[in-house]
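This document starts with one chain, in the form predicted on its own, laid out as structure tokens.
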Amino acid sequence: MDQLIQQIINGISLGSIYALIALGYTMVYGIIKLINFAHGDIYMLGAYIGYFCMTTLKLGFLPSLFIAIILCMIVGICIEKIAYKPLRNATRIAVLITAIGVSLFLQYGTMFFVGANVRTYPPLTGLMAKRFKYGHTLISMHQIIIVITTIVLMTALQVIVKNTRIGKAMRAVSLDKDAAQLMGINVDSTISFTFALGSALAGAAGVLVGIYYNSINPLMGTMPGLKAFVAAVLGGIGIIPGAMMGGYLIGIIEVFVSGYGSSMYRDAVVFAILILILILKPSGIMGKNIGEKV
């Protein structure tokens, strides 16, 4: 029983990171029907920005997290303006290839500037380094920080989407871009804001994974980015609550496979879930089948 509780706690911590990344995928897809495969590499940039702030600037966790969020927002906007906006009316395959190209550019551009070596995050000190033991269950302060930060960011996202003017514009554009434009909504600004929000969450996830696993490298965004995409599809891509739920489900499933089976199979199980969900319910757990006019 103690091992089960421990695995659930570990799964929630990992799922929080996947959920933050998956939200970026699902928001961008919900607005412009684009799978932004460069999103996982923005998460990688967030990890490096946090590392630079903590090691070179000697800042604490919260200032480093805030700077990573702001800079990743700027990167996300720049990517949208430079790479995706000129292809707004292009075929989906052209945009998809561009997204893969942007992903490779971010990976190897980062490798060019910082090198391919694995970097180690500085250990947190004081209260943030504490561990709490209840029976045989161990909870680290890192895990508590990850879950609390994720809840705060997700709540802020929901408030923005549901209760602000720009959030209403995002929902309008996701329903019908042309109609939203006729009603006076600036579609380009709304899309850029969506990229900014998604990139901010990915940047935060990068810092969180840095303090959780300690090591980072320029190619670290590929596999978590793909797993977060699976989480978004599992929950229902384009649906924000679905991305949250999918992230936590994938995190818990992966930890359970590693804990009760073999860590060698955890990636295979995640992608097997993607195949099953596409066969059995392509719209995802929270998605609805919608007929497409032709």
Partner chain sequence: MKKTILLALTVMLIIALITGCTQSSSKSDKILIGVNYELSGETATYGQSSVEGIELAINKVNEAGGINGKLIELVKYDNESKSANATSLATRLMTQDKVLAVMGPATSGAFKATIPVANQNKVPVISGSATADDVTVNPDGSVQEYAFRICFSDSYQGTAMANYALNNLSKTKAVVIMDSSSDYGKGLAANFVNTFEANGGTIVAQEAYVSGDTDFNSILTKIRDLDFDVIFIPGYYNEAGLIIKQARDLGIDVPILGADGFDSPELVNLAGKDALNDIYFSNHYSSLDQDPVVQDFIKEFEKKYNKQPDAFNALGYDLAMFVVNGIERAESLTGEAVKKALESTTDFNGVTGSFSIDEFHNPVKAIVIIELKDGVQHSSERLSLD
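Positions refer to the first chain, counted from 1. As the structure is a prediction and not an experimental result, all values here were calculated from the model.
This protein has a second form, the form predicted in complex with the partner chain, left out of what is shown; the following refers to that one.
- This chain is displayed alone, yet in the predicted bound form one of 117, 125, 189, 155 has a heavy atom within 4.5 Å of the partner chain; that residue is 117.
- Within this chain, residue 214 lines the site of the partner chain in the predicted bound form, having a heavy atom no more than 4.5 Å away.
- In the predicted bound form, the partner chain sits beyond 4.5 Å of every heavy atom of residue 144.
- Using a 4.5 angstroms limit between non-hydrogen atoms, residue 138 touches the partner chain in the predicted bound form.
- Proximity of residue 131 to the partner chain in the predicted bound form: non-hydrogen atoms within 4.5 Å are present.
- Note that among 65 to 73, 264 to 272, 239 to 247, 52 to 60, the stretch whose heavy atoms approach the partner chain to within 4.5 Å in the predicted bound form is 264 to 272.
- Within 4.5 Å of the partner chain in the predicted bound form, a heavy atom is found for every one of 6, 14 and 259.
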